[in-house]
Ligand SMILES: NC(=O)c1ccc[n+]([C@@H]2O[C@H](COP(=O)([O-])OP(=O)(O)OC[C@H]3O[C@@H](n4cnc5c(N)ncnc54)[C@H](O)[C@@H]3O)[C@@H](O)[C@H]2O)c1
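A single chain, nothing else alongside it, follows as C-alpha coordinates in the form predicted on its own.
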(Lines give C-alpha, C1' and ligand atoms only; values in the text may rest on other atoms or scores of the structure.)
Protein backbone atom coordinates (compact mmCIF):
# COMPACT_ATOMS: atom_id res chain seq x y z
CA UNK A 1 0.00 0.00 0.00
CA UNK A 2 1.36 3.42 -1.01
CA UNK A 3 2.09 5.62 2.00
CA UNK A 4 0.69 9.19 2.08
CA UNK A 5 1.78 11.75 4.66
CA UNK A 6 -1.00 12.89 6.99
CA UNK A 7 0.74 14.93 9.69
CA UNK A 8 1.80 18.51 10.33
CA UNK A 9 4.54 19.94 8.13
CA UNK A 10 7.03 22.77 8.70
CA UNK A 11 9.02 24.29 5.84
CA UNK A 12 12.13 26.34 6.65
CA UNK A 13 12.69 29.07 4.07
CA UNK A 14 9.79 30.93 2.44
CA UNK A 15 11.58 31.82 -0.77
CA UNK A 16 11.12 30.87 -4.41
CA UNK A 17 10.94 27.14 -3.56
CA UNK A 18 9.78 26.91 0.03
CA UNK A 19 6.70 29.10 -0.35
CA UNK A 20 5.31 27.44 -3.51
CA UNK A 21 5.91 24.03 -1.90
CA UNK A 22 4.07 25.19 1.22
CA UNK A 23 1.13 26.43 -0.86
CA UNK A 24 0.98 23.25 -2.95
CA UNK A 25 0.84 21.04 0.14
CA UNK A 26 -1.46 23.27 2.21
CA UNK A 27 -4.06 23.35 -0.55
CA UNK A 28 -4.14 19.52 -0.32
CA UNK A 29 -5.54 19.76 3.21
CA UNK A 30 -2.29 19.49 5.20
CA UNK A 31 -1.44 21.96 7.97
CA UNK A 32 1.77 23.71 6.90
CA UNK A 33 3.85 26.14 8.96
CA UNK A 34 6.17 28.37 6.93
CA UNK A 35 9.29 29.43 8.80
CA UNK A 36 11.43 32.40 7.76
CA UNK A 37 13.88 34.69 9.54
CA UNK A 38 12.52 37.72 7.64
CA UNK A 39 9.79 39.30 9.77
CA UNK A 40 8.37 41.21 6.79
CA UNK A 41 7.97 37.97 4.83
CA UNK A 42 6.21 36.30 7.76
CA UNK A 43 3.90 39.29 8.21
CA UNK A 44 3.02 39.32 4.50
CA UNK A 45 2.28 35.58 4.46
CA UNK A 46 0.11 35.92 7.56
CA UNK A 47 -2.02 38.38 5.57
CA UNK A 48 -2.17 35.95 2.66
CA UNK A 49 0.21 38.05 0.54
CA UNK A 50 3.27 36.90 -1.40
CA UNK A 51 6.66 38.68 -1.33
CA UNK A 52 7.56 38.03 -4.98
CA UNK A 53 5.91 37.60 -8.37
CA UNK A 54 5.17 34.08 -9.58
CA UNK A 55 2.12 33.13 -11.70
CA UNK A 56 -0.66 31.41 -9.71
CA UNK A 57 1.26 31.61 -6.42
CA UNK A 58 -0.72 34.51 -4.93
CA UNK A 59 -4.05 32.70 -5.43
CA UNK A 60 -2.72 29.49 -3.86
CA UNK A 61 -1.22 31.28 -0.86
CA UNK A 62 -4.24 33.48 -0.15
CA UNK A 63 -6.51 30.44 -0.43
CA UNK A 64 -4.37 28.30 1.88
CA UNK A 65 -4.14 31.09 4.46
CA UNK A 66 -7.89 31.74 4.28
CA UNK A 67 -8.55 28.03 4.90
CA UNK A 68 -6.26 28.13 7.93
CA UNK A 69 -3.98 25.50 6.43
CA UNK A 70 -0.96 27.77 5.93
CA UNK A 71 0.54 29.85 8.72
CA UNK A 72 3.89 31.62 9.06
CA UNK A 73 6.33 32.21 11.90
CA UNK A 74 9.93 33.12 12.62
CA UNK A 75 10.29 30.28 15.14
CA UNK A 76 10.74 26.62 14.23
CA UNK A 77 7.69 24.73 15.54
CA UNK A 78 7.12 21.11 16.43
CA UNK A 79 5.89 19.10 13.46
CA UNK A 80 5.75 15.60 12.02
CA UNK A 81 7.93 16.48 9.03
CA UNK A 82 10.34 19.27 8.12
CA UNK A 83 11.45 20.50 4.70
CA UNK A 84 14.63 22.60 4.48
CA UNK A 85 14.46 25.06 1.56
CA UNK A 86 17.11 27.63 2.47
CA UNK A 87 19.80 29.17 0.21
CA UNK A 88 23.05 27.39 -0.63
CA UNK A 89 25.30 30.09 -2.14
CA UNK A 90 28.99 29.58 -2.74
CA UNK A 91 31.96 30.93 -0.82
CA UNK A 92 34.71 33.11 -2.29
CA UNK A 93 36.58 29.95 -3.27
CA UNK A 94 33.35 28.68 -4.98
CA UNK A 95 32.80 25.87 -2.53
CA UNK A 96 29.27 25.51 -1.17
CA UNK A 97 28.26 27.68 1.77
CA UNK A 98 26.21 25.26 3.87
CA UNK A 99 25.82 27.59 6.85
CA UNK A 100 22.09 28.15 6.19
CA UNK A 101 21.46 24.41 5.87
CA UNK A 102 23.38 23.70 9.06
CA UNK A 103 21.51 26.42 10.93
CA UNK A 104 18.18 24.98 9.74
CA UNK A 105 19.15 21.46 10.82
CA UNK A 106 20.18 22.71 14.25
CA UNK A 107 16.90 24.62 14.61
CA UNK A 108 14.94 21.48 13.75
CA UNK A 109 16.92 19.14 16.02
CA UNK A 110 15.39 20.18 19.38
CA UNK A 111 11.87 19.79 17.95
CA UNK A 112 12.32 16.26 16.59
CA UNK A 113 10.38 13.26 17.85
CA UNK A 114 10.71 9.62 16.93
CA UNK A 115 9.17 8.98 13.50
CA UNK A 116 9.73 12.51 12.15
CA UNK A 117 10.84 13.14 8.56
CA UNK A 118 13.49 15.69 7.51
CA UNK A 119 13.83 16.54 3.80
CA UNK A 120 16.50 18.76 2.28
CA UNK A 121 15.32 20.54 -0.88
CA UNK A 122 18.19 23.04 -1.08
CA UNK A 123 20.59 22.21 -3.91
CA UNK A 124 23.72 20.86 -2.25
CA UNK A 125 26.98 18.97 -2.92
CA UNK A 126 27.01 15.19 -2.49
CA UNK A 127 27.25 14.32 1.18
CA UNK A 128 25.20 17.25 2.51
CA UNK A 129 22.18 15.12 3.43
CA UNK A 130 24.47 12.88 5.47
CA UNK A 131 25.85 16.00 7.17
CA UNK A 132 22.31 16.94 8.20
CA UNK A 133 22.12 13.63 10.01
CA UNK A 134 25.47 14.36 11.67
CA UNK A 135 24.45 17.89 12.70
CA UNK A 136 21.13 16.72 14.11
CA UNK A 137 22.80 13.80 15.85
CA UNK A 138 25.27 16.14 17.56
CA UNK A 139 22.35 18.11 19.06
CA UNK A 140 20.19 15.05 19.74
CA UNK A 141 22.39 12.10 20.75
CA UNK A 142 19.24 10.51 22.18
CA UNK A 143 17.91 9.93 18.64
CA UNK A 144 19.25 7.20 16.35
CA UNK A 145 20.19 8.69 12.99
CA UNK A 146 19.63 6.67 9.79
CA UNK A 147 22.66 4.82 8.44
CA UNK A 148 22.83 2.90 5.18
CA UNK A 149 22.44 -0.81 5.76
CA UNK A 150 21.04 -0.33 9.25
CA UNK A 151 17.47 -0.43 10.52
CA UNK A 152 15.73 1.05 13.52
CA UNK A 153 16.40 4.80 12.97
CA UNK A 154 14.29 7.23 15.00
CA UNK A 155 14.08 9.86 12.24
CA UNK A 156 14.05 9.69 8.45
CA UNK A 157 16.34 12.00 6.43
CA UNK A 158 16.25 12.46 2.65
CA UNK A 159 17.04 14.84 -0.20
CA UNK A 160 14.47 15.94 -2.79
CA UNK A 161 16.01 18.63 -5.02
CA UNK A 162 13.73 21.20 -6.60
CA UNK A 163 13.71 21.24 -10.42
CA UNK A 164 11.32 24.02 -11.41
CA UNK A 165 11.57 27.03 -13.71
CA UNK A 166 10.76 30.52 -12.36
CA UNK A 167 7.63 31.71 -14.12
CA UNK A 168 6.30 28.14 -14.19
CA UNK A 169 6.95 27.01 -10.63
CA UNK A 170 3.35 26.22 -9.67
CA UNK A 171 2.88 24.18 -12.86
CA UNK A 172 6.19 22.31 -12.85
CA UNK A 173 6.05 21.59 -9.12
CA UNK A 174 2.98 19.50 -9.85
CA UNK A 175 3.86 17.98 -13.23
CA UNK A 176 7.63 17.37 -13.10
CA UNK A 177 9.12 14.05 -12.00
CA UNK A 178 10.75 14.17 -8.57
CA UNK A 179 13.98 12.52 -7.47
CA UNK A 180 14.04 11.53 -3.79
CA UNK A 181 17.21 10.17 -2.23
CA UNK A 182 17.23 8.79 1.29
CA UNK A 183 20.01 8.00 3.70
CA UNK A 184 18.30 4.61 3.67
CA UNK A 185 15.62 3.19 1.37
CA UNK A 186 13.07 3.63 4.18
CA UNK A 187 14.03 7.31 4.44
CA UNK A 188 13.35 7.78 0.72
CA UNK A 189 9.98 6.09 1.01
CA UNK A 190 8.95 8.21 4.01
CA UNK A 191 9.94 11.42 2.19
CA UNK A 192 8.03 10.28 -0.90
CA UNK A 193 4.87 10.12 1.22
CA UNK A 194 4.99 13.93 1.41
CA UNK A 195 5.47 14.53 -2.30
CA UNK A 196 2.71 12.11 -3.24
CA UNK A 197 0.32 14.69 -1.78
CA UNK A 198 0.73 16.95 -4.81
CA UNK A 199 3.24 15.61 -7.33
CA UNK A 200 1.67 14.12 -10.47
CA UNK A 201 5.00 13.29 -12.13
CA UNK A 202 6.85 10.07 -11.43
CA UNK A 203 8.59 9.83 -8.06
CA UNK A 204 12.03 8.25 -8.46
CA UNK A 205 13.60 6.80 -5.32
CA UNK A 206 17.38 6.53 -4.90
CA UNK A 207 20.14 7.18 -2.38
CA UNK A 208 20.83 10.67 -1.06
CA UNK A 209 24.22 11.22 -2.74
CA UNK A 210 22.86 10.20 -6.16
CA UNK A 211 19.93 12.61 -5.77
CA UNK A 212 22.30 15.43 -4.79
CA UNK A 213 24.58 14.73 -7.76
CA UNK A 214 21.68 14.37 -10.21
CA UNK A 215 20.50 17.92 -9.46
CA UNK A 216 23.99 19.34 -9.97
CA UNK A 217 24.39 17.39 -13.21
CA UNK A 218 21.07 18.73 -14.55
CA UNK A 219 22.24 22.31 -14.15
CA UNK A 220 25.81 21.64 -15.29
CA UNK A 221 24.41 20.05 -18.46
CA UNK A 222 22.45 23.21 -19.22
CA UNK A 223 25.43 25.41 -18.35
CA UNK A 224 27.72 23.53 -20.75
CA UNK A 225 25.20 23.85 -23.56
CA UNK A 226 24.70 27.56 -22.92
CA UNK A 227 28.48 28.02 -22.89
CA UNK A 228 28.66 26.35 -26.31
CA UNK A 229 26.11 28.83 -27.67
CA UNK A 230 27.94 31.78 -26.10
CA UNK A 231 31.26 30.62 -27.51
CA UNK A 232 29.73 30.25 -30.98
CA UNK A 233 28.44 33.81 -30.56
CA UNK A 234 31.93 35.09 -29.76
CA UNK A 235 33.44 33.29 -32.73
CA UNK A 236 30.71 34.47 -35.12
CA UNK A 237 31.12 38.04 -33.90
CA UNK A 238 34.87 37.94 -34.55
CA UNK A 239 34.22 36.61 -38.07
CA UNK A 240 31.43 39.17 -38.75
CA UNK A 241 28.84 36.39 -39.15
CA UNK A 242 25.25 36.58 -37.89
CA UNK A 243 25.16 34.07 -35.01
CA UNK A 244 21.36 33.89 -35.01
CA UNK A 245 21.36 32.86 -38.66
CA UNK A 246 24.11 30.30 -38.01
CA UNK A 247 22.16 28.72 -35.14
CA UNK A 248 18.90 28.79 -37.12
CA UNK A 249 20.51 26.89 -39.97
CA UNK A 250 22.46 24.45 -37.77
CA UNK A 251 19.32 23.60 -35.79
CA UNK A 252 17.64 22.33 -38.96
CA UNK A 253 19.81 19.24 -38.58
CA UNK A 254 17.66 16.51 -37.00
CA UNK A 255 20.16 15.81 -34.22
CA UNK A 256 21.26 19.37 -33.42
CA UNK A 257 19.57 21.70 -30.95
CA UNK A 258 21.81 24.64 -30.09
CA UNK A 259 20.54 26.97 -27.38
CA UNK A 260 20.44 30.75 -27.70
CA UNK A 261 23.40 32.85 -26.58
CA UNK A 262 22.88 35.70 -24.15
CA UNK A 263 24.64 38.20 -21.87
CA UNK A 264 25.49 35.51 -19.32
CA UNK A 265 23.77 32.98 -17.09
CA UNK A 266 21.71 33.99 -14.08
CA UNK A 267 19.40 32.67 -11.40
CA UNK A 268 20.23 30.84 -8.21
CA UNK A 269 20.97 27.45 -9.80
CA UNK A 270 22.92 27.35 -13.05
CA UNK A 271 25.67 29.89 -12.19
CA UNK A 272 26.21 28.22 -8.80
CA UNK A 273 25.58 24.47 -8.94
CA UNK A 274 28.30 23.46 -11.45
CA UNK A 275 30.92 24.86 -9.08
CA UNK A 276 29.78 22.32 -6.48
CA UNK A 277 30.80 19.57 -8.90
CA UNK A 278 34.10 21.30 -9.64
CA UNK A 279 34.91 21.63 -5.94
CA UNK A 280 34.04 17.96 -5.37
CA UNK A 281 36.35 16.71 -8.17
CA UNK A 282 38.54 19.64 -9.30
CA UNK A 283 40.97 17.66 -11.45
CA UNK A 284 38.25 15.74 -13.30
CA UNK A 285 35.69 18.46 -14.10
CA UNK A 286 37.62 20.31 -16.81
CA UNK A 287 34.71 20.77 -19.23
CA UNK A 288 32.31 21.92 -16.50
CA UNK A 289 34.88 24.41 -15.19
CA UNK A 290 35.55 25.79 -18.67
CA UNK A 291 31.83 26.22 -19.36
CA UNK A 292 31.45 28.17 -16.11
CA UNK A 293 34.40 30.38 -17.07
CA UNK A 294 32.95 31.04 -20.53
CA UNK A 295 29.58 32.03 -19.10
CA UNK A 296 31.07 34.03 -16.22
CA UNK A 297 33.09 36.08 -18.71
CA UNK A 298 30.12 36.80 -20.96
CA UNK A 299 28.86 39.93 -19.10
CA UNK A 300 32.35 41.44 -19.38
CA UNK A 301 32.37 40.88 -23.14
CA UNK A 302 28.90 42.40 -23.58
CA UNK A 303 29.82 45.45 -21.49
CA UNK A 304 33.02 45.96 -23.47
CA UNK A 305 31.07 45.84 -26.74
CA UNK A 306 28.75 48.57 -25.47
CA UNK A 307 31.70 50.68 -24.35
CA UNK A 308 33.25 50.35 -27.81
CA UNK A 309 29.97 51.42 -29.43
CA UNK A 310 29.78 54.44 -27.12
CA UNK A 311 33.15 55.68 -28.40
CA UNK A 312 31.45 56.54 -31.71
CA UNK A 313 29.57 59.37 -29.99
CA UNK A 314 30.74 62.59 -28.37
CA UNK A 315 28.19 62.46 -25.53
CA UNK A 316 26.04 59.35 -25.89
CA UNK A 317 23.04 58.19 -23.89
CA UNK A 318 22.75 54.43 -23.37
CA UNK A 319 19.49 52.58 -22.64
CA UNK A 320 19.80 49.15 -21.03
CA UNK A 321 16.59 47.13 -21.16
CA UNK A 322 16.21 44.44 -18.51
CA UNK A 323 17.62 43.70 -15.06
CA UNK A 324 16.15 40.34 -14.07
CA UNK A 325 17.96 37.07 -14.73
CA UNK A 326 15.32 35.85 -17.20
CA UNK A 327 12.28 37.08 -19.07
CA UNK A 328 8.93 37.90 -17.47
CA UNK A 329 9.90 37.35 -13.81
CA UNK A 330 11.02 39.73 -11.04
CA UNK A 331 13.91 37.51 -9.91
CA UNK A 332 17.27 39.32 -10.01
CA UNK A 333 19.39 36.63 -8.31
CA UNK A 334 22.80 36.29 -10.01
CA UNK A 335 21.45 38.34 -12.91
CA UNK A 336 24.02 38.85 -15.69
CA UNK A 337 22.06 41.93 -16.80
CA UNK A 338 22.83 43.66 -13.50
CA UNK A 339 26.50 42.79 -13.89
CA UNK A 340 26.54 44.15 -17.46
CA UNK A 341 24.90 47.43 -16.42
CA UNK A 342 27.33 47.83 -13.53
CA UNK A 343 30.35 47.22 -15.76
CA UNK A 344 29.08 49.77 -18.31
CA UNK A 345 28.38 52.35 -15.62
CA UNK A 346 31.86 51.89 -14.16
CA UNK A 347 33.57 52.13 -17.58
CA UNK A 348 31.53 55.17 -18.70
CA UNK A 349 31.14 57.33 -15.56
CA UNK A 350 30.32 60.47 -17.56
CA UNK A 351 27.65 58.81 -19.72
CA UNK A 352 23.96 58.81 -18.81
CA UNK A 353 22.73 55.22 -18.68
CA UNK A 354 18.98 54.72 -18.59
CA UNK A 355 17.81 51.42 -17.16
CA UNK A 356 14.36 49.95 -17.64
CA UNK A 357 12.64 46.79 -16.41
CA UNK A 358 8.87 46.35 -16.01
CA UNK A 359 9.43 43.97 -13.08
CA UNK A 360 11.92 46.12 -11.13
CA UNK A 361 10.70 49.29 -9.40
CA UNK A 362 13.85 50.29 -7.49
CA UNK A 363 17.50 50.24 -8.48
CA UNK A 364 19.14 46.99 -7.29
CA UNK A 365 21.57 47.43 -4.41
CA UNK A 366 24.55 46.41 -6.56
CA UNK A 367 23.87 49.35 -8.89
CA UNK A 368 22.82 52.03 -6.37
CA UNK A 369 26.36 53.44 -6.06
CA UNK A 370 26.52 54.56 -9.71
CA UNK A 371 25.29 58.13 -10.05
CA UNK A 372 25.06 57.90 -13.84
CA UNK A 373 22.37 55.20 -13.70
CA UNK A 374 18.71 56.21 -13.87
CA UNK A 375 15.54 54.09 -13.86
CA UNK A 376 13.23 55.06 -16.72
CA UNK A 377 10.21 53.69 -18.52
CA UNK A 378 11.18 51.68 -21.58
CA UNK A 379 9.71 54.00 -24.19
CA UNK A 380 11.24 57.11 -22.60
CA UNK A 381 14.62 55.39 -22.28
CA UNK A 382 14.64 54.25 -25.91
CA UNK A 383 13.49 57.64 -27.16
CA UNK A 384 16.36 59.43 -25.37
CA UNK A 385 19.03 56.84 -26.17
CA UNK A 386 21.68 56.74 -28.86
CA UNK A 387 22.52 53.13 -27.99
CA UNK A 388 19.90 50.57 -26.98
CA UNK A 389 21.07 47.36 -25.28
CA UNK A 390 18.53 44.55 -24.90
CA UNK A 391 19.59 42.37 -21.96
CA UNK A 392 16.33 40.58 -21.07
CA UNK A 393 13.63 39.60 -23.57
CA UNK A 394 10.62 40.71 -21.50
CA UNK A 395 7.43 40.63 -23.58
CA UNK A 396 6.96 44.45 -23.53
CA UNK A 397 10.45 44.83 -24.99
CA UNK A 398 9.89 42.19 -27.66
CA UNK A 399 6.64 43.93 -28.65
CA UNK A 400 8.33 47.30 -29.11
CA UNK A 401 7.80 48.63 -32.61
CA UNK A 402 10.93 48.72 -34.75
CA UNK A 403 10.12 52.31 -35.73
CA UNK A 404 11.02 53.31 -32.15
CA UNK A 405 14.48 51.85 -32.67
CA UNK A 406 15.19 53.58 -35.96
CA UNK A 407 18.39 55.58 -36.16
CA UNK A 408 19.83 54.06 -32.99
CA UNK A 409 22.71 51.67 -32.42
CA UNK A 410 21.11 48.39 -31.32
CA UNK A 411 22.87 45.69 -29.36
CA UNK A 412 20.43 42.81 -28.96
CA UNK A 413 22.04 40.20 -26.72
CA UNK A 414 18.98 37.91 -26.84
CA UNK A 415 18.11 37.89 -30.54
CA UNK A 416 14.58 39.06 -29.74
CA UNK A 417 14.65 41.77 -32.41
CA UNK A 418 16.53 39.69 -34.97
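Positions refer to the first chain, counted from 1. Here the structure is a predicted model, which means the values were calculated and not measured.
There is another form of this protein, the form predicted in complex with the named molecule, and it is not shown here; the text below is about that form.
Considering the named molecule in the predicted complex, find the one stretch among 102-110, 246-254, 137-145, 338-346 with heavy atoms no farther than 4.5 Å from it. Looking at the other structure, the answer is 102-110.
Among the candidates 35, 353, 389, 64, the residue which, in the predicted complex, approaches the named molecule to within 4.5 Å (heavy atoms): For this set of options, the contacting one is 35.
How about residue 269: is it within 4.5 Å of the named molecule in the predicted complex, going by heavy atoms? Result yes; residue 269 sits at the interface with the named molecule in the predicted complex.
Is residue 127 close enough to the named molecule in the predicted complex to count, meaning some heavy atom within 4.5 Å? It does not: once the named molecule is placed as it appears in the predicted complex, residue 127 has no heavy atom within 4.5 Å of it.
Would residue 85 sit within 4.5 Å of the named molecule in the predicted complex, counting heavy atoms only? Yes - in the predicted complex, heavy atoms of residue 85 and the named molecule come within 4.5 Å of each other.
Is residue 133 close enough to the named molecule in the predicted complex to count, meaning some heavy atom within 4.5 Å? Output for residue 133 is no: heavy atoms all beyond 4.5 Å of the named molecule.
Across 202-231, which residues bring a heavy atom to within 4.5 Å of the named molecule in the predicted complex? Result: 215 alone.
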